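Read the single chain below, which is given as structure tokens and is the form predicted on its own.
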Amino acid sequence: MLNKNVETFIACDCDYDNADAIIFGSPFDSTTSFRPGTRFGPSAVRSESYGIETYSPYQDKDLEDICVMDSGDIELRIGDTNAVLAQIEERTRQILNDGKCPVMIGGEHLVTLGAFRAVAQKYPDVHIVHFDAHADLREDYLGVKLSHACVLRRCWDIVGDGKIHQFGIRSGEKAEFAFAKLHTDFHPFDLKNVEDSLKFLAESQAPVYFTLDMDVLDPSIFPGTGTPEAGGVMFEELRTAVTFVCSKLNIVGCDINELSPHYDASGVSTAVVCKILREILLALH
């Protein structure tokens, strides 16, 4: 008997009713300001995930032993940014309303706004933990407020001061750094203070949305991205920080974004995303 060829992230083929985490892809890059291509990220991650093991020796856990469903990509209305964000918001809301954790694969970083709108509606006291090379705090980019360069500023519009915790930032306008020092919990350049800085969230178990822009990594490790920034963190520093965030904090939604697979013909960048996503999924359980 032949079955449909349905490609999922490795081992994430649980049925919806039994799954406690739901993966979905948002293949969108229409506001990318430098090198486009992140719309191809979700499909590349699924395809290349079969090059890694389901077992994590770091956590001594296996994807085969948890229940995650990969629901595929949203068929986004490319060309209408507001409509795209509404589609992402609706998918996230459905998952949340069914008592499950949404795990989104981008796409450019603006996709976070759509997911976060739904999360903030359900959890008004939510915090954001943000790993990135870029502050993403511009009020607008060339007059456009819905841009990947403005996504955390738009999230700030929703939650206000004291709720956004930024790590690894090493690029942005002078005005963005000034804004961050006044309005966000700002830890530039590395991830060394993640555990100490977020200990209060681990203790309080306040709801947290985690957004990971993979260009927080040094481009020597992760060249496959639209805006590479020298001086980034190493893989092990990222893996350790991600595991802490996803295992100790009360994660109610998360995303991983900004892979442009065709800028790294070796496939290493995609493999790195696959491994980090595996660690996220296992740490959530």
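So that there is no doubt, residue numbering starts at 1 and follows the sequence shown. Note that this is a predicted model, so its numbers are computed, not measured.
FYI, the form predicted in complex with a further copy of the same chain isn't displayed, but the following is about it.
- Using a 4.5 angstroms limit between non-hydrogen atoms, I66 is distant from a further copy of the same chain in the model of the complex.
- Although the partner is absent here, L198 lies well away from a further copy of the same chain in the model of the complex, with no heavy atom inside 4.5 Å.
- In the model of the complex, A11 stays away from a further copy of the same chain, with no heavy atom inside 4.5 Å.
- Contact check for D73: a non-hydrogen atom falls within 4.5 Å of a further copy of the same chain in the model of the complex.
- Contact here is defined as any heavy atom lying within 4.5 Å of a further copy of the same chain in the model of the complex, and by that definition each of T32, F189 and T227 is a contact residue.
- Comparing 116 to 124, 208 to 216, 80 to 88, 154 to 162 against a further copy of the same chain in the model of the complex, the single stretch with non-hydrogen atoms within 4.5 angstroms of it is 80 to 88.
- Along 128 to 154, these residues reach a heavy atom to within 4.5 Å of a further copy of the same chain in the model of the complex: R138, L142, G143, V144.
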